[in-house]
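This document starts with one chain, in the form predicted alone, laid out as structure tokens.
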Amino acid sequence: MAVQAPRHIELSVGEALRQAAETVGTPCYVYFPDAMQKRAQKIHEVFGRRFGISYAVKANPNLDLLRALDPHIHGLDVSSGGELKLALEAGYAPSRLSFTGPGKSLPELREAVRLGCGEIVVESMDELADVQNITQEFDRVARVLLRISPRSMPKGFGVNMAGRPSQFGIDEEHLDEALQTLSSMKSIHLAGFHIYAGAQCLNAESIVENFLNYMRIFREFAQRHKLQPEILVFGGGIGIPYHEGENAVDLDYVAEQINPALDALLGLPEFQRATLLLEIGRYLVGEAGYFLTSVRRIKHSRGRHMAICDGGLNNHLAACGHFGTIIHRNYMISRLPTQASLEPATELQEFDVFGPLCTTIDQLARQLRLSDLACGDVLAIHHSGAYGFTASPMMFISHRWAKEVIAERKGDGYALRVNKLFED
């Protein structure tokens, strides 16, 4: 069931990356919307459109990507007032937005209620009370989803938020009480349930087991409280292979295992009206982006070869191992071909790769095996489309921000467009 992750760059993609490095300059991110759209189409295909897609904007809020996703998804999951504004600017109707997050401010909640957001995902009883009070200010009914924090979930997730104290959602063991309280709130419409309890899972069996657990929870509480949910959100947590030796998730296997269970769920009287949503972020956009950085200096220190680049931790925190990881592991990194690198490869050497910052934690790779590197060479860090640019401390040490480049498919190649916000 393991699917080997790609270790190469497609010719047309490589040409677009070289063009970006030459014309836009480094450091920069390059995104390929067609790759993202193909991933969405794959999800629809394997699940037979049993799931609509709810894209988690926090993975990458680039406006061009939001617009490119529009025809392929049900809507957007936003987690702040800023993301809400971006979604509206990208052309999404408020009814296509769900608003999550454990610490929504009162102004954010007021705006969500005023606009008529599709659903407000409630993460605590205090938040539910705030929403009720706000609906009375506006004299309208708010649609909410109760986010559930499960008692447990299977192993295999890089981030596991179940069965422990969590700022996310209402504990499964307290959900009965929450539903009883909500039933007396006349200005609150319970549209359904939301569960997102884990992230970055590459184990297909664990994903299947997790989805089956979601279905058990949805079924038990709907039947116990005589509910007919309209929306059920399945937090995907489907990972992508960042590091050498990791394999991509076999999504066909996941679908083969859970499609019959989804059909059985939808066949129950309580779920006749239910729309199932798969909430995903990095699985859609992660592999659709590359981070490019150029080698500025080659240094030899106490027996180690070092490459010092123009982009680092301030542009790509995750690649430096500081975004939810304990032990640093190299992302997959390629050197973009040059005329010299097209010649027969020299013996591989190990390089420690650093960014330009005055801090020891600005390290992109350890013992990266490449043929000899030289100043001016461009390194491409794969799978950088999610949690890259906006998840990094861009203001740290005041180096230039990385630009964002959109590579649009044109025939057999790509046309490049720089995000207007970052044009010189």
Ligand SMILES: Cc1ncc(COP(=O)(O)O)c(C=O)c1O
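The first residue of the sequence shown is number 1, and the count goes up from there. Computed from a prediction, not measured in an experiment: that's the story for all the values here.
Absent from the display: the form predicted together with the ligand. The rest refers to it.
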| message | Which residue, 130, 83, 279, 287, is the contact with the ligand in the model of the complex, using a 4.5 Å heavy atom cutoff? | response | 279
| said: Can you work out which of 380, 68, 35, 59 has a heavy atom no more than 4.5 Å from the ligand in the model of the complex? | reply: 59
| Heavy atoms within 4.5 Å of the ligand in the model of the complex: which stretch among 219-227, 189-197, 298-306, 348-356? | 189-197
| query | Just to confirm, residue 77 within 4.5 Å of the ligand in the model of the complex by heavy atoms? | reply | yes
| Proximity of residue 231 to the ligand in the model of the complex, heavy atoms at 4.5 Å | no
| For residue 161, is any heavy atom within 4.5 Å of the ligand in the model of the complex, or not? | yes
| message | I'd like to check something about residue 147: if you look in the model of the complex, is any of its heavy atoms closer than or equal to 4.5 Å to a heavy atom of the ligand? | response | yes
| query | Heavy atom within 4.5 Å of the ligand in the model of the complex: which residues of 374-398 qualify? | reply | 387
